[in-house]
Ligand code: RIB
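One chain is shown next in C-alpha coordinates, namely the form predicted alone.
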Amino acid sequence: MVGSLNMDLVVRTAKLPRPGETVLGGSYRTYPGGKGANQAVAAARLGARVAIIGCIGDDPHGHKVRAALVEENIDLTHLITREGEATGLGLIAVAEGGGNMIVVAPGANATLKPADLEPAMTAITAADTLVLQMEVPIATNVAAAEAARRAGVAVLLNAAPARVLPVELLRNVDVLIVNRVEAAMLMGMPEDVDPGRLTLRLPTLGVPTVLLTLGAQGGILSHKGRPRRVPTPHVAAVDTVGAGDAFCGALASRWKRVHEATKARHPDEFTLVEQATLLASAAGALATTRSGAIASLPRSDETIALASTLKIGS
(Lines give C-alpha, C1' and ligand atoms only; values in the text may rest on other atoms or scores of the structure.)
Protein backbone atom coordinates (compact mmCIF):
# COMPACT_ATOMS: atom_id res chain seq x y z
CA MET A 1 0.00 0.00 0.00
CA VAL A 2 1.44 3.34 -1.07
CA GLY A 3 -0.89 5.98 0.29
CA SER A 4 -2.11 8.50 2.78
CA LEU A 5 -2.43 8.41 6.55
CA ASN A 6 -4.63 10.96 8.30
CA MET A 7 -6.42 11.73 11.48
CA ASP A 8 -10.13 12.15 10.77
CA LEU A 9 -12.19 14.70 12.70
CA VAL A 10 -15.80 13.61 12.30
CA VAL A 11 -18.78 15.82 13.15
CA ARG A 12 -22.34 14.49 13.04
CA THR A 13 -25.04 16.86 11.84
CA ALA A 14 -28.72 16.72 10.90
CA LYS A 15 -27.94 17.85 7.35
CA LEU A 16 -24.91 18.72 5.26
CA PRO A 17 -24.34 22.44 4.64
CA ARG A 18 -24.90 24.07 1.27
CA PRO A 19 -22.26 26.47 -0.10
CA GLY A 20 -22.12 29.50 2.21
CA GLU A 21 -24.31 27.86 4.85
CA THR A 22 -23.37 27.16 8.46
CA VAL A 23 -25.09 24.29 10.23
CA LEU A 24 -24.94 23.37 13.89
CA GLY A 25 -23.42 19.96 14.38
CA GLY A 26 -23.60 17.54 17.24
CA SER A 27 -20.87 15.45 18.79
CA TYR A 28 -17.49 14.95 17.17
CA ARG A 29 -14.82 12.29 17.40
CA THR A 30 -11.33 11.68 16.07
CA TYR A 31 -10.42 8.49 14.24
CA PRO A 32 -7.19 7.34 12.56
CA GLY A 33 -7.80 7.23 8.82
CA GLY A 34 -6.62 8.31 5.39
CA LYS A 35 -7.30 6.24 2.29
CA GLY A 36 -3.98 4.41 2.45
CA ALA A 37 -4.34 3.48 6.11
CA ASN A 38 -8.01 2.55 5.76
CA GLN A 39 -7.45 0.32 2.75
CA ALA A 40 -4.44 -1.31 4.39
CA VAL A 41 -6.51 -2.26 7.44
CA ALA A 42 -9.45 -3.38 5.28
CA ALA A 43 -7.20 -5.80 3.39
CA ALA A 44 -5.48 -7.02 6.56
CA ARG A 45 -8.79 -7.78 8.28
CA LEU A 46 -9.66 -10.01 5.35
CA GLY A 47 -6.49 -12.03 5.69
CA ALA A 48 -3.89 -10.19 3.58
CA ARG A 49 -0.37 -9.45 4.81
CA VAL A 50 0.01 -5.71 4.27
CA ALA A 51 2.88 -3.24 4.29
CA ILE A 52 2.25 0.51 3.96
CA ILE A 53 4.55 3.14 2.51
CA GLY A 54 3.65 6.68 3.49
CA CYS A 55 4.33 9.69 5.70
CA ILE A 56 3.01 10.94 9.03
CA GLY A 57 4.01 13.98 11.05
CA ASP A 58 5.92 13.97 14.32
CA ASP A 59 2.83 15.02 16.25
CA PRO A 60 0.17 13.44 18.50
CA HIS A 61 -2.04 12.60 15.52
CA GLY A 62 0.84 10.77 13.85
CA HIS A 63 1.58 8.77 16.97
CA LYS A 64 -2.08 7.70 17.22
CA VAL A 65 -2.22 6.67 13.56
CA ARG A 66 0.94 4.60 13.94
CA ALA A 67 -0.41 2.92 17.09
CA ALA A 68 -3.67 2.03 15.33
CA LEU A 69 -1.80 0.33 12.48
CA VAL A 70 0.44 -1.57 14.90
CA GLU A 71 -2.73 -3.04 16.44
CA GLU A 72 -3.77 -4.29 12.99
CA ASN A 73 -0.39 -5.96 12.34
CA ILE A 74 0.40 -3.71 9.38
CA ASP A 75 4.08 -3.74 8.40
CA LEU A 76 5.33 -0.21 9.16
CA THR A 77 8.95 -0.71 8.12
CA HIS A 78 8.58 1.98 5.45
CA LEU A 79 6.30 4.39 7.31
CA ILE A 80 8.19 7.70 7.42
CA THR A 81 7.83 10.23 10.26
CA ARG A 82 8.51 13.76 8.98
CA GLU A 83 9.89 16.12 11.60
CA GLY A 84 8.30 19.56 11.44
CA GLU A 85 5.32 18.32 9.38
CA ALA A 86 1.75 17.84 10.55
CA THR A 87 -0.01 14.53 10.00
CA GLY A 88 -2.67 14.71 7.32
CA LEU A 89 -6.09 15.77 8.55
CA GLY A 90 -9.55 14.80 7.29
CA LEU A 91 -12.43 17.12 8.19
CA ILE A 92 -15.64 15.12 7.81
CA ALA A 93 -19.29 16.05 8.28
CA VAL A 94 -21.69 13.11 8.51
CA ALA A 95 -25.44 13.66 8.10
CA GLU A 96 -28.37 11.55 9.25
CA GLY A 97 -28.60 8.58 6.90
CA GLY A 98 -24.82 8.38 6.53
CA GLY A 99 -24.08 10.89 3.74
CA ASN A 100 -20.87 12.85 4.19
CA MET A 101 -18.67 15.70 3.00
CA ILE A 102 -14.89 15.48 3.36
CA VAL A 103 -12.04 17.99 3.12
CA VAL A 104 -8.50 16.68 3.45
CA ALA A 105 -5.43 18.69 4.47
CA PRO A 106 -2.58 16.50 3.11
CA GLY A 107 0.08 17.51 5.61
CA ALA A 108 2.95 15.01 5.62
CA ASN A 109 1.29 12.98 2.84
CA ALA A 110 2.26 15.68 0.36
CA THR A 111 5.94 15.12 1.15
CA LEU A 112 6.04 11.49 -0.05
CA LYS A 113 8.38 11.72 -3.04
CA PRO A 114 9.54 9.12 -5.58
CA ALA A 115 12.93 9.04 -3.85
CA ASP A 116 11.20 7.81 -0.68
CA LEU A 117 10.24 4.63 -2.53
CA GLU A 118 13.83 3.52 -3.07
CA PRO A 119 14.31 1.94 0.40
CA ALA A 120 10.92 0.23 -0.04
CA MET A 121 11.44 -1.02 -3.58
CA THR A 122 11.91 -4.64 -2.51
CA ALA A 123 8.57 -4.52 -0.68
CA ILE A 124 6.86 -3.22 -3.83
CA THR A 125 8.42 -5.65 -6.29
CA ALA A 126 7.96 -8.68 -4.02
CA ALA A 127 4.27 -7.97 -3.39
CA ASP A 128 1.33 -9.74 -5.00
CA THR A 129 -0.57 -6.47 -5.36
CA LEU A 130 0.21 -2.75 -5.16
CA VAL A 131 -2.63 -0.44 -4.13
CA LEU A 132 -2.61 3.30 -4.82
CA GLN A 133 -4.89 6.28 -4.22
CA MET A 134 -4.64 9.97 -5.10
CA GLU A 135 -3.91 11.53 -1.70
CA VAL A 136 -0.12 11.48 -2.28
CA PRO A 137 1.79 13.19 -5.12
CA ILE A 138 1.05 11.82 -8.58
CA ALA A 139 4.75 11.47 -9.39
CA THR A 140 5.11 9.07 -6.47
CA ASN A 141 2.20 6.96 -7.67
CA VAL A 142 3.65 6.87 -11.18
CA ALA A 143 7.02 5.70 -9.88
CA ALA A 144 5.45 3.01 -7.70
CA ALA A 145 3.19 1.75 -10.51
CA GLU A 146 6.06 1.59 -12.99
CA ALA A 147 8.20 -0.42 -10.55
CA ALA A 148 5.33 -2.81 -9.85
CA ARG A 149 4.57 -3.31 -13.55
CA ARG A 150 8.23 -4.13 -14.32
CA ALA A 151 8.12 -6.76 -11.57
CA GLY A 152 4.84 -8.28 -12.77
CA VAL A 153 2.92 -7.04 -9.71
CA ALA A 154 -0.78 -6.21 -10.10
CA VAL A 155 -1.62 -2.51 -9.63
CA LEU A 156 -4.96 -1.36 -8.20
CA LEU A 157 -5.70 2.38 -8.35
CA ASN A 158 -8.51 4.01 -6.42
CA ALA A 159 -8.63 7.32 -8.30
CA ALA A 160 -9.83 9.36 -5.33
CA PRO A 161 -9.96 12.28 -4.78
CA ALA A 162 -11.20 13.02 -8.30
CA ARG A 163 -8.66 14.38 -10.76
CA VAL A 164 -7.43 13.88 -14.29
CA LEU A 165 -4.86 11.09 -14.43
CA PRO A 166 -1.68 11.08 -16.53
CA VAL A 167 -1.17 8.43 -19.18
CA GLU A 168 2.08 7.45 -17.43
CA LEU A 169 0.01 6.20 -14.51
CA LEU A 170 -2.96 4.66 -16.32
CA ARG A 171 -0.85 2.51 -18.63
CA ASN A 172 0.52 0.66 -15.58
CA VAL A 173 -2.82 0.08 -13.83
CA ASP A 174 -4.59 -3.29 -13.86
CA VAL A 175 -7.68 -2.28 -11.87
CA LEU A 176 -9.29 1.16 -11.68
CA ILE A 177 -11.84 1.84 -8.93
CA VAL A 178 -13.88 5.06 -9.17
CA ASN A 179 -17.18 6.44 -7.99
CA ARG A 180 -19.52 8.40 -10.22
CA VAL A 181 -17.93 11.81 -9.56
CA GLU A 182 -14.41 10.49 -10.08
CA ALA A 183 -15.38 8.67 -13.26
CA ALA A 184 -17.07 11.77 -14.70
CA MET A 185 -13.96 13.85 -13.96
CA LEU A 186 -11.74 11.29 -15.69
CA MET A 187 -13.91 11.20 -18.79
CA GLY A 188 -14.63 14.94 -18.97
CA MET A 189 -18.36 14.35 -18.55
CA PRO A 190 -20.96 16.04 -16.27
CA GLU A 191 -21.33 14.61 -12.76
CA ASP A 192 -24.97 13.67 -13.35
CA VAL A 193 -24.16 11.57 -16.44
CA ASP A 194 -25.92 8.22 -16.66
CA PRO A 195 -23.76 5.43 -15.17
CA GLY A 196 -24.37 3.34 -18.28
CA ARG A 197 -22.66 5.95 -20.43
CA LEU A 198 -19.73 6.06 -18.02
CA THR A 199 -19.47 2.29 -18.19
CA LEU A 200 -19.15 2.42 -21.95
CA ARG A 201 -16.52 5.16 -21.86
CA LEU A 202 -14.29 4.08 -18.97
CA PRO A 203 -12.72 1.08 -20.79
CA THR A 204 -11.31 3.53 -23.36
CA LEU A 205 -8.76 4.49 -20.70
CA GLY A 206 -7.03 1.20 -21.46
CA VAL A 207 -7.32 -0.33 -17.97
CA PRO A 208 -8.33 -4.04 -18.17
CA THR A 209 -10.65 -3.97 -15.14
CA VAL A 210 -12.78 -0.98 -14.13
CA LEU A 211 -15.14 -0.84 -11.17
CA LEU A 212 -17.67 2.00 -11.02
CA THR A 213 -19.12 2.18 -7.50
CA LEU A 214 -22.60 3.64 -7.08
CA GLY A 215 -23.18 3.54 -3.34
CA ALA A 216 -26.51 2.02 -2.32
CA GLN A 217 -27.18 1.26 -6.02
CA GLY A 218 -24.25 -1.17 -6.11
CA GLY A 219 -21.87 -0.72 -9.00
CA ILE A 220 -20.78 -1.82 -12.45
CA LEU A 221 -17.85 -4.11 -13.19
CA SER A 222 -16.18 -4.01 -16.59
CA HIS A 223 -13.53 -6.68 -17.05
CA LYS A 224 -11.90 -6.87 -20.47
CA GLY A 225 -14.83 -5.01 -21.97
CA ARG A 226 -17.52 -7.23 -20.46
CA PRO A 227 -19.87 -5.16 -18.22
CA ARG A 228 -21.67 -6.72 -15.24
CA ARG A 229 -24.00 -5.22 -12.63
CA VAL A 230 -22.63 -5.48 -9.06
CA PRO A 231 -25.28 -5.76 -6.33
CA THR A 232 -24.95 -4.36 -2.83
CA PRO A 233 -26.72 -5.84 0.19
CA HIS A 234 -29.41 -3.79 1.92
CA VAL A 235 -28.12 -2.56 5.29
CA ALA A 236 -29.04 0.14 7.80
CA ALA A 237 -26.38 2.77 7.02
CA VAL A 238 -25.26 5.10 9.79
CA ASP A 239 -22.01 6.46 8.34
CA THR A 240 -20.61 6.00 4.83
CA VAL A 241 -17.10 7.15 5.81
CA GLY A 242 -14.66 4.37 4.94
CA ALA A 243 -17.09 2.37 2.80
CA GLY A 244 -15.16 2.98 -0.41
CA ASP A 245 -11.92 2.09 1.35
CA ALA A 246 -13.45 -1.14 2.66
CA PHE A 247 -14.40 -1.97 -0.94
CA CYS A 248 -10.89 -1.30 -2.25
CA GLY A 249 -9.09 -3.13 0.52
CA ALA A 250 -11.33 -6.18 0.20
CA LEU A 251 -10.81 -6.31 -3.56
CA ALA A 252 -7.05 -6.04 -3.11
CA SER A 253 -7.05 -8.87 -0.57
CA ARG A 254 -8.32 -11.26 -3.25
CA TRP A 255 -6.70 -9.92 -6.40
CA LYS A 256 -3.64 -12.20 -6.30
CA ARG A 257 -5.66 -15.16 -7.61
CA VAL A 258 -7.22 -13.04 -10.34
CA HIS A 259 -3.82 -11.76 -11.46
CA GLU A 260 -2.37 -15.26 -11.55
CA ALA A 261 -5.34 -16.55 -13.55
CA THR A 262 -5.06 -13.64 -15.98
CA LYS A 263 -1.38 -14.27 -16.62
CA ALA A 264 -2.05 -17.99 -17.10
CA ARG A 265 -5.15 -17.33 -19.24
CA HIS A 266 -7.03 -19.65 -16.90
CA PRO A 267 -10.74 -20.22 -17.63
CA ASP A 268 -11.63 -19.30 -14.02
CA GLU A 269 -10.42 -15.72 -14.53
CA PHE A 270 -13.87 -14.12 -14.89
CA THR A 271 -15.30 -16.14 -12.00
CA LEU A 272 -12.47 -15.03 -9.72
CA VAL A 273 -13.00 -11.39 -10.72
CA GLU A 274 -16.68 -11.66 -9.83
CA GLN A 275 -15.97 -13.35 -6.50
CA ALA A 276 -13.48 -10.66 -5.50
CA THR A 277 -15.93 -7.95 -6.51
CA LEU A 278 -18.79 -9.43 -4.48
CA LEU A 279 -16.55 -9.63 -1.42
CA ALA A 280 -15.67 -5.98 -1.94
CA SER A 281 -19.34 -5.03 -2.24
CA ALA A 282 -20.16 -6.83 1.01
CA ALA A 283 -17.25 -5.15 2.81
CA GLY A 284 -18.31 -1.71 1.63
CA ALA A 285 -21.88 -2.25 2.79
CA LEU A 286 -20.83 -3.54 6.21
CA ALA A 287 -18.60 -0.50 6.73
CA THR A 288 -21.63 1.79 6.49
CA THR A 289 -23.27 0.14 9.49
CA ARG A 290 -20.67 1.49 11.95
CA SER A 291 -19.20 4.93 12.67
CA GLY A 292 -15.69 5.99 11.74
CA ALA A 293 -13.27 4.73 9.12
CA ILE A 294 -10.90 2.11 10.53
CA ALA A 295 -13.37 1.37 13.32
CA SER A 296 -16.03 0.47 10.75
CA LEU A 297 -13.98 -1.91 8.60
CA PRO A 298 -15.40 -5.46 8.70
CA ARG A 299 -13.73 -8.74 9.59
CA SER A 300 -13.35 -11.77 7.37
CA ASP A 301 -16.13 -14.08 8.58
CA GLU A 302 -18.97 -11.56 8.40
CA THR A 303 -17.82 -10.27 5.02
CA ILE A 304 -17.55 -13.71 3.44
CA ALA A 305 -20.96 -14.68 4.83
CA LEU A 306 -22.63 -11.56 3.41
CA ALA A 307 -20.86 -11.89 0.05
CA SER A 308 -22.23 -15.43 -0.30
CA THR A 309 -25.75 -13.97 -0.50
CA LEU A 310 -24.89 -11.83 -3.54
CA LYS A 311 -24.74 -12.61 -7.24
CA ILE A 312 -23.32 -10.64 -10.16
CA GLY A 313 -26.01 -9.55 -12.63
CA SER A 314 -25.88 -9.25 -16.39
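Quick note: we count residues from 1 along the sequence shown, nothing fancier. Please read all numbers here as calculations on a predicted model, not as lab measurements.
Only in words, not in the display: the form predicted in complex with this ligand, which the text now covers.
Chemist: Using heavy atoms only and a 4.5 Å cut-off, decide whether all three of 33, 92 and 102 touch this ligand in the predicted complex.
Modeler: Answer is yes for this spot.
Chemist: Which single stretch, out of 56 to 64, 279 to 287, 251 to 259, 35 to 43, brings residue heavy atoms within 4.5 Å of this ligand in the predicted complex?
Modeler: Among the candidates, contact is made by 35 to 43.
Chemist: Exactly one residue in 241, 175, 178, 143 has a non-hydrogen atom within 4.5 Å of this ligand in the predicted complex; which is it?
Modeler: Filtering the options by heavy-atom distance leaves 241.
Chemist: Under a 4.5 Å heavy atom criterion, is residue 293 part of the interface with this ligand in the predicted complex?
Modeler: Yes, contact at 4.5 Å.
Chemist: Can you name the residues of 196 to 214 that have a non-hydrogen atom within 4.5 angstroms of this ligand in the predicted complex?
Modeler: The stretch 196 to 214, when checked against this ligand in the predicted complex, contributes no residue at the 4.5 Å heavy-atom cut-off.
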